[in-house]
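Taking the form predicted alone, here's one chain by itself in structure tokens.
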Amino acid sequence: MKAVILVGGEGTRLRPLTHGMPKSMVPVLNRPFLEHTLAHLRQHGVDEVILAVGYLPQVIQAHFGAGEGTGVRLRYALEPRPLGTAGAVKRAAAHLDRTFAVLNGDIFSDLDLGAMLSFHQSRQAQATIALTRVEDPSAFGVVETGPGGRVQRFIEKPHREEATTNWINAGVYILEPEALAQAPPDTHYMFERGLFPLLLEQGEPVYGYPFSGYWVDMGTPQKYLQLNCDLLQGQAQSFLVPWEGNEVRLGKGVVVPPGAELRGPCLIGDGCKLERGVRIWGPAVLGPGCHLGPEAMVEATVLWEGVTAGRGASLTRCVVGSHTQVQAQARLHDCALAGKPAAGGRSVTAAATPP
């Protein structure tokens, strides 16, 4: 099976972290998020992937090329302007000559794509939508289904008290080429409000595939931090970076100094420098080349590459962008940081953006 991954968005919900970086390239356990998605697809029999790119496509292409090292063949479909979910996939239609999957580029799940494909084929569906159950569906697209899972109607972001079901669109689809043919070319067009309702109107078989496994939209700093912590704590698993237990995993060249306290699970990247009295309480991730000054503390936090925390700085439940300098004695909680350019690097004090 082929797959299309929608990675064209600007990642506005993840700002300030995504200034100058596509959302699909943000590090998860020190590897670009898109690498985790490709590893998941490879495990489920996908051997060719088309990346629907728009924002900073050169960053993605420079890293992945034609897929060398990923185990899948990569192609690219460039959006000259934002075309919506279905419009972006339509740009890749020439490569989609058989049943294919579509994935939103900010979703991490343990969905068994092979089982979903079997479901799709057994019902001779034109489109099958993965469904996941949430406590509050008001921020999502609700999907009502009838006997056998056939979709009856879509409701976009209903008020909580008006929602008729808690099953929402999980951002993973399986489609037939004939279904995509209904989408207009070079037009902003959405699956959720365009193609899927159109298929229903035409009486085409559209099904919902419910699954109860792990699912998170990592498109906000809070959910991004949750994903990293869940992977370290074993609540989710990545085929790319398997993890079990409260391991403290040290990268190349990392030395733990006297008086330091490291509590797993934590992942410390290559070349990190830890000073005396440092405390790292997991779940925590330090990107390559981070420097924690004397008595600095990191807890339930993700630091990207090259972050520096000064003497006695304390970070709890934070995400800190690459090459940011956290001042000595700063006390930061529940924040997302990306420093402003300054002489010699980036500098951040207690100013922060809540997740």
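None of these values were measured; they are calculated from a predicted model. We number the residues from 1 along the sequence you see.
Just so it is clear, the following notes concern the form predicted together with a small molecule, a form of the same protein that is not shown.
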Exercise. Have a look at 238, 104, 226, 126 for me and say which one sits with a heavy atom within 4.5 Å of the small molecule in the predicted bound form.
Key: 104
Practice problem: Have a look at 282, 141, 194, 269 for me and say which one sits with a heavy atom within 4.5 Å of the small molecule in the predicted bound form. | Solution: 141
Quiz item: Out of the stretches listed (259-267, 76-84, 242-250, 178-186), which one is close to the small molecule in the predicted bound form, meaning heavy atoms within 4.5 Å?
Solution: 76-84
Quiz item: Just to confirm, residue 88 within 4.5 Å of the small molecule in the predicted bound form by heavy atoms?
Solution: yes
Quiz item: Is residue 209 close enough to touch the small molecule in the predicted bound form, meaning at least one heavy atom pair within 4.5 Å?
Solution: no
Quiz item: Heavy atom to heavy atom, is residue 215 within 4.5 Å of the small molecule in the predicted bound form?
Solution: yes
Quiz item: Might residue 156 be said to contact the small molecule in the predicted bound form, defining contact as any heavy atom within 4.5 Å?
Solution: yes
